[in-house]
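Okay, so here's just one chain, in structure tokens, the form predicted alone.
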Amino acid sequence: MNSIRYHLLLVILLFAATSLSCQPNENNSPNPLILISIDGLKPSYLEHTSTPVLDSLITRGTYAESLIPVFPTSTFPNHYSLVTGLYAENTGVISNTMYDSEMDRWFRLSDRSAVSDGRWYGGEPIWVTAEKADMRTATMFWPGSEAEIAGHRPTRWFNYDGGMPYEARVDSLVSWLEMGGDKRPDFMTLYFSRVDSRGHSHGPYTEETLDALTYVDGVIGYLIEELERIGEWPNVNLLLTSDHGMIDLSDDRLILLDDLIDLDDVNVINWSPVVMMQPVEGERENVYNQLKAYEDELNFNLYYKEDFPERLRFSDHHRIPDIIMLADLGWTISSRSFYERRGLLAGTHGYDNKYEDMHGFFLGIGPDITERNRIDSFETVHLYEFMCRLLGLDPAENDGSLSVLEPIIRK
């Protein structure tokens, strides 16, 4: 994405800005909705690198101070909560790694059979709501979209391929819009992971992570250029989101779990920063009391599942194990053997969503969204109802409220 291309793009954007609100849909059908995730994008990154496309869109669309993720502030729980409007305790997608005692099965991102098994996904994602209403949907990657849920799949969907070039992902989406008629999707997704992966490997605010955002910014520009080319840019509602933020880690902020308890007394379902433990039979109180004795001394909070803070909505599901150990922001809980073999990531997420460093990004622009608008931070769960309204759908049961985002819908 060279400087000449950026300059031409900005001219296109400024010219197109005058037409976004004056292109009625002649068929009186909803305008196409494109949902984009830039995984791991912290709003503050934009203050530290070149993002001319996002900067231009922000000046003309609706931009939130931040998007407040559900707990835990991890990839799969938040992407799936965004499209269902449900907290993790109500979707059952409680982490990127889970164990279900009723199925006696593990869920891991590397396990294709688990990722594509609809039994792991509760609630009704937006593409299912749309398909049930005889709309067409197409997902260019999104957690949950590879599974059949409630008997439905997106009209078009793909197994996740992290190596697929970002421009090729855009080209596929544009080709769907070019189909026209009843073959054209009403709802589409795009997913970009580069900012998140660089944040993990290099840390937030590093040159590598910020360069990744500048690159993705150019890909968004390419999408807009292509939408302009096929005459669809004035007709499309575009939502740009992220699932969580990122914080740097340090060897100076490390807790070794096997220094505190005997690891043979627990099955660790999920590691740092939310250590989810299922004690072996007869060891529940013993493990809890041993860890509780260190709580004031070390940087973590310990809870029985049933005593977990109500505001985090993370206690009412059978996949959540009995004991939860939650690290303070920037702290890591590991085992000695793992730490000696692998060390620490440069950055991570997953912490309490009260921390702004864990918050994500939201920007909406299109013919049905208000212009030049700044709004307060809001919770991810409210986006499902908002998307249903944009598409003219009756929402399934969810934890969000349309009243939160209804003011940014153009009357």
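All residue numbers are counted from 1 along the displayed sequence. Fair warning: this is a prediction, and the values are worked out from it, not measured in the lab.
Not on display, but discussed next: the form predicted in complex with adenosine monophosphate.
Using a 4.5 angstroms limit between non-hydrogen atoms, T332 is distant from adenosine monophosphate in the predicted bound form. Contact check for V115: a heavy atom falls within 4.5 Å of adenosine monophosphate in the predicted bound form.
Though the partner is left out of this view, D368 does not reach within 4.5 Å of adenosine monophosphate in the predicted bound form, counting heavy atoms only.
Interface membership of S193, defined by any non-hydrogen atom within 4.5 Å of adenosine monophosphate in the predicted bound form, is confirmed. Looking at adenosine monophosphate in the predicted bound form, residues N96, L109 and E146 each place a heavy atom within 4.5 Å of it. Partner contact region in the predicted bound form: 193-201, out of 255-263, 80-88, 193-201, 215-223, criterion any non-hydrogen atom within 4.5 Å of adenosine monophosphate. T75 is the sole member of T75, T241, T155, N235 with a non-hydrogen atom lying within 4.5 angstroms of adenosine monophosphate in the predicted bound form. Put simply, of D357, D39, E379, E385 only one has a heavy atom within 4.5 Å of adenosine monophosphate in the predicted bound form, and it is D39. In the predicted bound form, H349 is the single residue of 341-358 with at least one heavy atom within 4.5 Å of adenosine monophosphate.
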